[in-house]
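Heads up, the chain below is alone and in the form predicted on its own; it's given as structure tokens.
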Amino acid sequence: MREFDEASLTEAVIRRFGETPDPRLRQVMQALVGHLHAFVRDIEPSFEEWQTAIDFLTRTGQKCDDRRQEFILLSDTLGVSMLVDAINHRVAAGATPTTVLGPFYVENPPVLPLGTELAARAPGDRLHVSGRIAAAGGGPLPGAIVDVWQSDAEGFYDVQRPVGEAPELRARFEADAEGRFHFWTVVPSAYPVPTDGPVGEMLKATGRHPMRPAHIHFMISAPGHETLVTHVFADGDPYLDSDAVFGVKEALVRAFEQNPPGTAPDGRVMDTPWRSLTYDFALRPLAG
């Protein structure tokens, strides 16, 4: 056929992908065409509206660099990241719930000894974080790798600070022989996702707030187990029920306990009040 109309075009495009050698790619492309064409039929965009959509996606890509991933942010705020996460973690009995990676993870963070303070210069209440890594339904995982990253007390990640500043409030630790880890940091703050790009424009235009509840990110890996990507959220945060990226799960909410001056679990003497967070993580064994 050389001429296509509203009734025949979709099936023609789907057939055109019918010879795709990779069967999974064929499935993806044919489904994409079917759903995308159905979306266009549903909303019947004008040429001007479609050009606005193309411009939005173009500017989303232009906003991405080695310190910012606007497409991940778009996926997060549309709930797609959490849907993908849910689809890929349907069976997780006994394992710690997963949640979104977020746009601020940085590969190869600083490798630091257990007990290090991640924010010696940063203002805010001091927070002692500790926990244990184990297999779901099993024993400890000695030597598990624990990546952590978080916002500061003002709601900013280090990658949002001026280029050239040293990494802060992110690190990689190796759990001890009992699968335990601990470090010092500051209490994170609730913060807005970046609003200076296309995603921020979308949130404003649709009347949505950009806030995420206070949390610490964890990525934990051990041989023979699935890598866990999750957060631990601060209990009592006002945005727990309206997280801009839909990432909160009840099992991931914990109190950041208030403590008076005194001796912390690692023997450090604290002259001022401090906070503590304890969370034990369970990793799901690899299938097979």
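These figures come from a predicted structure and were not determined experimentally. Numbering starts at 1 and runs along the sequence shown.
Form predicted together with benzoic acid (BEZ): not shown, discussed below.
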Checklist entry - With the cut-off set at 4.5 Å between non-hydrogen atoms, does Leu240 touch benzoic acid (BEZ) in the predicted complex? => result no
Item to check | in the predicted complex, Trp184 touching benzoic acid (BEZ) (heavy atom, 4.5 Å) | outcome: no
Checklist entry - Taking 4.5 angstroms as the cut-off for heavy atoms, does Asp147 touch benzoic acid (BEZ) in the predicted complex? => result no
Checklist entry - For Asp76, is any heavy atom within 4.5 Å of benzoic acid (BEZ) in the predicted complex, or not? => result yes
Checklist entry - Pick from 103-111, 169-177, 137-145, 122-130: which stretch has a heavy atom within 4.5 Å of benzoic acid (BEZ) in the predicted complex? => result 103-111
Checklist outcome for this item: Partner-free chain; cross-checking benzoic acid (BEZ) in the predicted complex, the single residue of Val193, Leu118, Met82, Ala95 with a heavy atom within 4.5 Å is Val193
Next on the checklist: Counting any non-hydrogen atom inside 4.5 Å, which residue from Val245, Ala234, Val229, Ala222 sits next to benzoic acid (BEZ) in the predicted complex?
Outcome noted: Val245
Next on the checklist: Could you pull out the residues of 202-217 that have any heavy atom within 4.5 Å of benzoic acid (BEZ) in the predicted complex?
Outcome noted: Arg212, His215, His217
